[in-house]
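First structure 1, then structure 2: two forms of the same chain, each alone, as structure tokens.
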Structure 1
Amino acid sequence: MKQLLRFLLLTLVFTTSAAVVSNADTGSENRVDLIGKVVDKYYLDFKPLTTIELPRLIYDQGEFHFYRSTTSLLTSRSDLFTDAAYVDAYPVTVDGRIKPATYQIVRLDGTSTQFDFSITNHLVFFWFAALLTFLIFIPLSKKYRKGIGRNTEPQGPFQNIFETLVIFIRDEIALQNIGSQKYQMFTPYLLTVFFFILFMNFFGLMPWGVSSTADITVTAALALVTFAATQIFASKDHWKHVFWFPGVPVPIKFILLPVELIGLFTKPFALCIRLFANMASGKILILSILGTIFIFADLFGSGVAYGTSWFWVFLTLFIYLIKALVSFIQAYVFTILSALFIGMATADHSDEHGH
């Protein structure tokens, strides 16, 4: 029964994605751009209510171009920039103004601009997560400064909940993986990373919210910080293990050198991909399952679609709950792996032998 259900699910997911792709090819009006829902945008998406365009900051040919929205950039500098969709076509105007189509700003000849520092959807939600962390923990630290929790027990659910998380990260993640000598140095970083990722993941569960962690750029930036931390604070032993592996014959040392060098980079790469793939796939999965209703409507008629829709909605709910769980798990996994990598790099093997 379970296997049958799994098979059914898998089949449906694959047919769904195939159908969405084929729909996209035909360009019918019912097309839902699945990937477009996940990728970054230069506007806040409150469809069907409204979309709010975000400021554009573009550095090109030695100067910064700052405009409060894509539309205003396209309208005021139509001699310099255009939307990527209009490169091959003549600029389409609505009521005499150019409206962005893809929001991808390029030069008039279609070549990309030098640097696009524009504020994006994911960046805004990253800032939300940062701000939320700030707004939670600054008042909390004031409480501790006043002595509540320092001299007395923590008071109130607010302090209790977050103190539990903070202590968990300090004791179970930092202390366990980095060791008692150096964990205090890295605990703030792990706390920051954990709460940022957690809040970003949770934003993805909210209506109109997006999880910035479903963007490989964001996860890459976070992984880069972990990578930098491991390399900057690496111990002498770490470098010895990378370049001249101790305790093995010389030919093996030469074989291990590239392996260890690659290993340096696969660790943050895995961090980056894992978080991104988990968060993006959740969203894609939910959209795919909901899309099944419309595919059924196309394939078997709307009667079947209505009849089976309860199942897809129920399945979506199930996936949604899993996403909530995954939000926690992935924040935890990223943090614990960061701690593990930092612990491995900063460990001193002088008093112990082997691994």
Structure 2
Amino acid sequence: MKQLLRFLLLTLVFTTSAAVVSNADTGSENRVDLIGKVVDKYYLDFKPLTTIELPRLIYDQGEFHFYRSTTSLLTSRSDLFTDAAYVDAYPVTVDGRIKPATYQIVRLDGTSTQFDFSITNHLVFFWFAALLTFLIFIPLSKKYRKGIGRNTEPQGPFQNIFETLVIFIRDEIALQNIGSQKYQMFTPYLLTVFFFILFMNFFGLMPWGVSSTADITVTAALALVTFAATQIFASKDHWKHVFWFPGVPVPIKFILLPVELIGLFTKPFALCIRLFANMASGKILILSILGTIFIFADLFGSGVAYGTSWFWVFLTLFIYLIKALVSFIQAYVFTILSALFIGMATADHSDEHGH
């Protein structure tokens, strides 16, 4: 049954993708852009209600250029930049202001700008997750300073819920993987990364919300912090096992050296790709299932689309619930793997153990 469901879902995704390409080639107005729903944007998408354009900061030819929005950029300084769609076309204007088309800003001749430091929707929800983390744990920390939850039992369901999660991460993740001597040093980081990722994942489940962890640059930054903590606090034995593996013949040491060096980078790479792929694929899968309704309307008519819509909505709800569980699991997996990598690097190894 599980294999059949997986086959049906994969078939659905490929069918939807094929229909998207077909509609794009024919110039259909009803084209369903799945990838466009998960990529970074320079605006907050609250359609059909409204869209909120985000500030643009561009560094080009030795100068920084700041604008309140993409529309402001195109209208006020059209002598410097333009939308990529308007390089060889006349700009579309609304109430005398140039309307952004692709939001990709280029020079007037069509060449790319040097650096685009503009704020994106993934960055905004990244900040939202950071703000939520502060709003939750600063009041909790004040309670602990007063002795509530430390000298007495936690008060209220809010503190009890987070007390359970904090103790679980401290005892079952940090202590078990790093060891009793050093786990307290890394517990604050592990708690931060767990709740930070969890909040970003949950934001992607909200209406008009965006999951910042579906952006590989975000997951790469998180993995880079784990990598830095692993290498900075690594023990001498860790580096000895990397550069001159003890207990093996000298010729084998030269073979193991490049393997160990590559292994230093494959671990954070795995952290980055695993989180990104799981969160991005879940979003695409949900949009693919819902998009099937519109594809059936194009292929078989509105009657078939309406008649089968209940099934696609039910399946979407089922996948949505799974994605909610996956959001929690991925935060847990990233945290426990970070603790495992840190524990392996900071542990004091014995040269006499078997290899």
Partner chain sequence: MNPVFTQGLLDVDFGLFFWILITFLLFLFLLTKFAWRPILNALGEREKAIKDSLEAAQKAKDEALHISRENEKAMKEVESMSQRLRKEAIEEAEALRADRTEKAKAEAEKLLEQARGTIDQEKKKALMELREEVAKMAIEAASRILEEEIDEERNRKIVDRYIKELT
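This one's a predicted model, so the numbers in the text were calculated from it and none came from an experiment. Each residue is numbered by where it sits in the sequence of structure 1, with counting from 1. Basically, rigid core = biggest C-alpha set you can superpose within 1.5 Å across the two forms.
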{"item": "Structure, 1 versus 2, that is the form predicted alone", "value": "2"}
{"item": "Rigid core superposed: residue 153 CA moves 2 Å or more between structures 1 and 2", "value": "no"}
{"item": "Cα displacement of residue 179 between structures 1 and 2 reaching 2 Å, rigid core superposed", "value": "no"}
{"item": "Core-aligned C-alpha movement of residue 266 between structures 1 and 2 reaching 2 Å", "value": "no"}
{"item": "Distance the CA of residue 108 travels between structures 1 and 2 [rigid core superposed, Å]", "value": "2.3"}
